[in-house]
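What follows is one chain in structure tokens, specifically the form predicted alone.
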Amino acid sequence: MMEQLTRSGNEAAALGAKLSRAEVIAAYPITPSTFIVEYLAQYIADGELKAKLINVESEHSAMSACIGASLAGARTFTATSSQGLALMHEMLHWAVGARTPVVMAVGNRALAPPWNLYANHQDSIAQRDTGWIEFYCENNQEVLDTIIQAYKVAEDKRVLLPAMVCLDGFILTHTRERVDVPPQDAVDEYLPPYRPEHFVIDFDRPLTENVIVTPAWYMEYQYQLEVAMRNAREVIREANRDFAKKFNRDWGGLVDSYFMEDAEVAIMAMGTIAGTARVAVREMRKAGHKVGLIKLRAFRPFPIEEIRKLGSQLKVLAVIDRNCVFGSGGASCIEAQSALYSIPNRPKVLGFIAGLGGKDVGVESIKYILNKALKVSETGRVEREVEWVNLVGGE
């Protein structure tokens, strides 16, 4: 039976790691994700979680400790944000190359300068090419459930890649919502203990491995990572189907579509903006407009098949990004344009940059974007491919 609690996004992430029976946790504090590890430390102190908590001197060391523990066969967890994630960058590549299924919660926060502690996807988007799986959550329930699903995906032998679960800084990390906590025995049935079939560190059988590879084989290693990321798409779909069957909560796999059955114009968004977009879409529907929402739940691997299928019915796709690939627009807009390029009768794709540094993206902002997209669907003319929304003084 589900236990109904009111919890912040940070505690939902910690509960997800606890229910997943993380065995080694290493982290360095940084706002707004600090509380995640503090909750886990309390669970360990209270005897609610049997795990080793490693206090380290930096985020670089935190990821290094997680990689070593994962290589020894332990289920590992960490949490960070913003500059801390940037400091981890080198070790993010090592976690991927070593094929260690580390799971990490990221409290999305703007990168400095100038200093800003609020929601922004630039920190995790900047790591998009490291080979990590990236999930983005709309609410605290999804945070808890996605931490559990992330282990299921990352530890699958067809994948064996690390995964980050992203939650918007302060909008989720410090906001309390109702969270239904599944019973431990049900989670144990869904997520068995991590028992890797491949080699793990064994002190009874010590040996040395050489991690250097010559030009004759480096590409082959990289290709294996490419195959693993491709495999992750179907494994994420499977993990979500199994989760929905067991816990009656279906998050859609890689994307969650809303009012898309007959939509001619749609919004695409990640994280909490998707929740606001649901309200705007409902109100626009009541006004008689055929609009819908595509919530991008997984950014890596990018859901190419789903975007092509949903995009093929649209006249216009308006993509909102809480990040910027400077000079080119938002990251998910660029990915959507690439995914849709080869399909016949592809929709026009409009990019919108919004909500950077925690700037509010309200229902009226989403309606403004939808009305822009509806106008393009009527006239066929695109005046601006990328627009910054609610910019003081305008562009």
Partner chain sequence: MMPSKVVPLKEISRVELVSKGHNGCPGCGMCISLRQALKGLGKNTVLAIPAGCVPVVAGGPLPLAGLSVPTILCSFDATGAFIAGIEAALDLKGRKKGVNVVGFAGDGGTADIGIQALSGAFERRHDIIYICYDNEAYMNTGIQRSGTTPYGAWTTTTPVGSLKHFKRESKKDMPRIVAAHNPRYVATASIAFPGDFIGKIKRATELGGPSYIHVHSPCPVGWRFPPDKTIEIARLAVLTGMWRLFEIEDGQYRLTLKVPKRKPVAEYLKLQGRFRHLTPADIEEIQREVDKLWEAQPA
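Numbering follows the first chain given and starts at 1. Note that this is a predicted model, so its numbers are computed, not measured.
Not on display, but discussed next: the form predicted together with its partner chain.
- The candidate stretches are 78-86, 171-179, 207-215, 146-154, and the one lying within 4.5 Å of its partner chain in the predicted complex by heavy atoms is 207-215.
- In the predicted complex, no heavy atom of T34 sits within 4.5 Å of its partner chain.
- Its partner chain in the predicted complex comes within 4.5 Å of a heavy atom belonging to H60.
- In the predicted complex, A65 approaches its partner chain with a heavy atom inside 4.5 Å.
- Residue contact check for W94: one or more of its heavy atoms lie within 4.5 Å of its partner chain in the predicted complex.
- The contact with its partner chain in the predicted complex, taken as any heavy atom within 4.5 Å, belongs to A51 out of L340, A41, A51, I30.
- Interface residue among A69, I369, V349, A331 relative to its partner chain in the predicted complex, by the heavy atom within 4.5 Å criterion: A69.
- Contact annotation for 6-27: residues with any non-hydrogen atom within 4.5 angstroms of its partner chain in the predicted complex are E23, V24, listed in sequence order.
- The pair T208 and E226 is at least 3 angstroms closer at the CA level in the predicted complex than in the present model.
- Whereas the shown form places them at one spacing, the Cα atoms of M63 and E209 lie at least 3 Å closer in the predicted complex.
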